[in-house]
Structure formats: structure tokens, C-alpha cells
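Next up: just one chain, as C-alpha cells, the form predicted alone.
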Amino acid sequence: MKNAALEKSSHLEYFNIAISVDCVIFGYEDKQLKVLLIKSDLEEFEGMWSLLGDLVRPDEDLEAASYRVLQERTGLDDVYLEQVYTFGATGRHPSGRVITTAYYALVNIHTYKLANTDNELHWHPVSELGTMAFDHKNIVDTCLKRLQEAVLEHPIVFNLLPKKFSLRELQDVYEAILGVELDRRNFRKRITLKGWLDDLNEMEEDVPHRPGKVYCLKEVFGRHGKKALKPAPVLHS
């Protein structure tokens, strides 16, 4: 029977592969779903936008690395975060073999103030993204698809909204994420049947339209709606 040292010495090429994490940080503003991007600092991708990410340190696990990236690059910490997919194409990084695991985060843009503005850290409308560094456009598209599936079944969209909101505002967020217009009556019926909302017996104030009722997410679902979530399978490419 071989030991770990022998296993490593006989497969050195397998132990020279880097692992990274990339964070797709979604926010919502002006009726648009946005993603937080930064200018790439690699010469090969000069002038191109990229996701926030970093190599995983030898002494940290994947989730710890993803939260570290969020904290170091943005100052964000207490946010909704979900692992989505692992990308392992051989030529995805010009420095060598790097396998990355993507996470998406949901952030209320108006609650969290970015602590870091290096490399033009900036919110970009998802609908206006063009070519990006590495395979990051594919990563964004993959995470967006997972988000679109998740918001139909789990109360996570509320991480993008203030604590109090109207059904009009809630529908606007869903339309921004799904990329389609929703029938007002059918949307309200489906949301009511979900049982996610508490009616606060309040009305909107200072709005340019007829004031609507104000709601909030039921406390039973927790701060980030995580109680209603089923563990997402980790897929590998």
C-alpha cells in the first residue's frame, strides 16, 4: 500500500494545478440587475473587465476563500452567497492550469458601500456586458441562469431589496432578473401563494403613482432567506 508522500512524488504534475474562486456579485438598481466588476490587472487582458476572484490559499477552504475575496476587495461580508459551478477548461488562464469555483452573491446596492475602488471597481448592468477577461462572461451567464432558477422557488430575491417594499417594486426586481415582462395579476397571485410576505398594514409614501401596500419578508426565512433553501448541488465541468 502506498502512502501520501509516494502518491505525490509519482504524480507531481497533478499537484501543480492552482485553485481559485470567482465571485459574481449581483445587485439591483434603477430597475436593472447589475454585477460588480473590476478592471483586469493582467497585461493579457488589459482594459477588460473581470470578476472579483483570487487563488485559494493552501490553508483555506473554498467558502472561506470566497468570503475573503468579498471582504478584501469590497468590504462586504454579511451577504447571501451560493456556490454554483466549477470551471476547469485547460486554457482558461494564461498563467497556467487554474480551476475556479464560482459563487454568486446578492447585495442591496444601497445598503452596502464599497470599501475598495481599486482598478475601477464598478457596477455594470448585466444586460450590457460584452467580452470579459478569462472566461468570466461564461461564468456570469452560468450564475445568472442559476439565479433565475432559484428566485422562482426560494425567497432569496429579497436580498436585493430594502426591508420594506411594495409588490410593484418586487415585480420590477423579478423582471430585471428574468429578463421578461410579467403579468401583474398573475405575478401577485403567485407571490401570495408562496407565503413569503408579511403585510405591514402600511402604504407607500412620496411615490409618483398610486400608493401600494408595503410588505416585508417573513422573519421565519431568516436574514438572507436561507431557511427556505435546499442545498444546491455542486456541479463540475
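Because the structure is predicted, anything quoted here is derived from the model rather than measured. Note that residue numbering begins at 1 and tracks the sequence as displayed.
The next section is about a form of this same protein that is not shown, the form predicted together with the DNA.
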| item | value |
| --- | --- |
| Contact of G195 with the DNA in the predicted complex (heavy atom, 4.5 Å) | no |
| 4.5 Å heavy atom contact, R57 and the DNA in the predicted complex | no |
| Contact label in the predicted complex: V207 to the DNA, heavy atom within 4.5 Å | yes |
| Contact of K39 with the DNA in the predicted complex (heavy atom, 4.5 Å) | no |
| Location of the DNA contact in the predicted complex, chosen stretch of 208-216, 62-70, 49-57, 22-30 [non-hydrogen atom, 4.5 Å] | 208-216 |
| Partner contacts for 182-207, taking the DNA in the predicted complex and a 4.5 Å heavy atom cut-off | D183, R184, R185, N186, R188, K189, R190, L193, V207 |
